[in-house]
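Below sits a lone chain in structure tokens, taken as the form predicted on its own.
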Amino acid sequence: MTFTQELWASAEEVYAEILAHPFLRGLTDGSLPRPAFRHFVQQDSHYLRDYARALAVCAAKAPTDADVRAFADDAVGAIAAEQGMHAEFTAELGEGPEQPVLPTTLAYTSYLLATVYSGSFAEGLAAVLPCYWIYARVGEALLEKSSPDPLYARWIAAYGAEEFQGVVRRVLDLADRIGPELSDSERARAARHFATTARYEWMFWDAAWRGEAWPVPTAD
């Protein structure tokens, strides 16, 4: 079993639950309420700022110069996505109340940053990988159906596009390149991180679907 096969096996059931989630079903049939999508876009903007930082740490620990450049480029790309695609979506959705960083987003990004800073490169890679890989798989799966809603169709097309799929294949190839060098214990830790952040991916969509808010008022 390759390293990526081992990682995917640790989260295959989670991925099935993601595809079945009403948020994603609502994207493809056009029934997703706009407030749920606005919630997702706002929290994704918060998320991507810290995800870019996590990718930058992966770049610092990467094994080759080419890998350093690739992760650094991906970190820049995450910020560009936040500023570009999200600004476009926000303009079309209309101005809504600005959300603070909400519980699921904060938990997810805190876990990511703790893992990439304290763990090995392989552990950090495994932690950031579900955001690449699950979005690519979701984009690919939803692209055939697309959506009758043009806004949702654009979101689906962005992640189903060959350009994004190629980026993800590059990261998967890197994972399989380093996999044979890892000890059994490090592979097991990496699989646990991958499974955990895959669950956070499900939780992120679910938080938008539920309209998650802090259970008690915050100072800000």
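Just so you know, these numbers come straight off a predicted model, no measurement behind them. Don't overthink the numbering: it's just position in the shown sequence, from 1.
From this point on, the text means the form predicted together with a small molecule, which you will not see here.
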**Report entry** the small molecule in the predicted bound form reached by all of D50, Y111 and Y117, non-hydrogen atom within 4.5 Å
**Finding:** no
Query raised in the report: Which one, 118-126, 140-148, 73-81, 96-104, holds residues whose non-hydrogen atoms are within 4.5 Å of the small molecule in the predicted bound form?
Result: 73-81
Query raised in the report: With the cut-off set at 4.5 Å between non-hydrogen atoms, does D44 touch the small molecule in the predicted bound form?
Result: yes
Query - is_contact(F204, the small molecule) in the predicted bound form, heavy atom dist at most 4.5 Å - result: yes
Query raised in the report: Should F89 be classed as touching the small molecule in the predicted bound form when contacts are defined as heavy atoms within 4.5 Å?
Result: no
Query raised in the report: According to a 4.5 angstroms non-hydrogen atom cut-off, is F37 in contact with the small molecule in the predicted bound form?
Result: no
